[in-house]
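As a starting point, one isolated chain is supplied in structure tokens, in the form predicted alone.
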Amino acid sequence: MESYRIALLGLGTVGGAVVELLAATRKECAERAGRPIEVSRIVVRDPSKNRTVPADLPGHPTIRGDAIEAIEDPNIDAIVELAGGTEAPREWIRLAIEQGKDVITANKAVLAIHGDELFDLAKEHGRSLYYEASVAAAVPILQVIQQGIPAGPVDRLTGILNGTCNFILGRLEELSFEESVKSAQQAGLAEADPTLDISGIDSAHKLALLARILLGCSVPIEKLRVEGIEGLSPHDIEFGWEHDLSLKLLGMMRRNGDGTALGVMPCFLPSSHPLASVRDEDNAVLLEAAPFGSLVLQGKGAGGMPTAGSVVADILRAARGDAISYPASGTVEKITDPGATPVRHYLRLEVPDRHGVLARVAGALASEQVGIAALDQPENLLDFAGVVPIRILTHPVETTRLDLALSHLDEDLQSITRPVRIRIEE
């Protein structure tokens, strides 16, 4: 058969890994696809920059700077979009589909924000838009939830959806937050600007894509509670050790009688929880439903090669002409706040070492009927100057109510402390 010719938009960490993988496995790829895979063009922002492409990469592509030229090339069968961003990739994907080309992307942001438009356009033109790599890197979660699980709704999803954050939280056992982020950058897991990861936005994009499939409707990002891991410290990890808890950034979906709770937030998990032992840059997704009980999928969730593996798998699906199931874009069902479910919470506040301060904190919590189950201080106080850290374990309470109580701290305390608040998922 004729070769399946692709144009690669982007040659960064993931794009570079894709060309390495295609070169190293060219024979296996041809066998699995039923025809050779060729990279006919590579598009980058600055084609004058010196770049290394494997000499044995099938197709021996030229490196250019014009994405539109590549998309409009009639000899190209598919576009592989790995450039990142939202607006330019949105236009590239639109144009490629309108030109009759299939598209493979690892761009979760463009699909989370513009998915309605792009999925509908692909259906209208009879083209395929593959995006396995956009959700959990090496974990084939989309294939599983679209084709592999038994019939019946998934009632609960709990996921570690950002491998970079999981890596940072693991390093936080020994390093400061800033040092942990730097370690992730040195390992090639975090960008120079890690904001999308540590703010929880990247996880929210992925959760929105998963929920879209599971719920059969589009999920606007702005309707999700999204919290990141900024401000966490080794003192919080220490508290977890003392109470047999593991700290993770979780994406959560919970069906309930009022709708579906969706959100991303740091949570403590008991050591017996299936996701508590997930380490380093791994992603893991726990699916729960009546037909099958529980199912965990785990694998590398960050880094060039793990993501490239899913990109190449999608390229082979496209070359074979495998059908793809598109998530629905129907009416949004009621999305609720997972913080509305009462659970225990951990609080850390840094307060002045003065008489009456604890009473003022307790008074603010009591104003919203937040009960204190335990109170202590970290053993090592050398990191704190002029203030005293206190750690509080609450009785079960809604996150929304706890936040309201914390807003009642007096102006003096609010000017000094920014409370760290972490849910404990039982």
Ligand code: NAP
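Just so it is clear, the model here is predicted, and its values are computed rather than measured. Numbers for residues come from their place in the sequence shown, where the first is 1.
One more form of this protein, predicted together with this ligand, exists but is not displayed; see below.
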Taking any heavy atom pair closer than or equal to 4.5 Å as contact, tell me whether Thr13 reaches this ligand in the model of the complex. yes
Would you check, heavy atoms only and a 4.5 Å threshold, whether Val357 touches this ligand in the model of the complex? no
Is there a heavy atom of Leu82 lying 4.5 Å or less from a heavy atom of this ligand in the model of the complex? yes
May I ask you to check whether Gly188 falls inside a 4.5 Å heavy atom distance of this ligand in the model of the complex? yes
169 to 177, 190 to 198, 139 to 147, 288 to 296: which one contacts this ligand in the model of the complex at 4.5 Å, heavy atom to heavy atom? 190 to 198
Identify which of Val181, Ala204, Ala302, Met265 has a heavy atom within 4.5 Å of this ligand in the model of the complex; exactly one of them does. Ala302
Which of these residues, Val370, Ile37, Val361, Val43, gets a heavy atom within 4.5 Å of this ligand in the model of the complex? Val43
Contacts with this ligand in the model of the complex, stretch 77 to 113 (heavy atom within 4.5 Å): Leu82, Ala83, Gly84, Trp92, Ala106, Asn107, Lys108
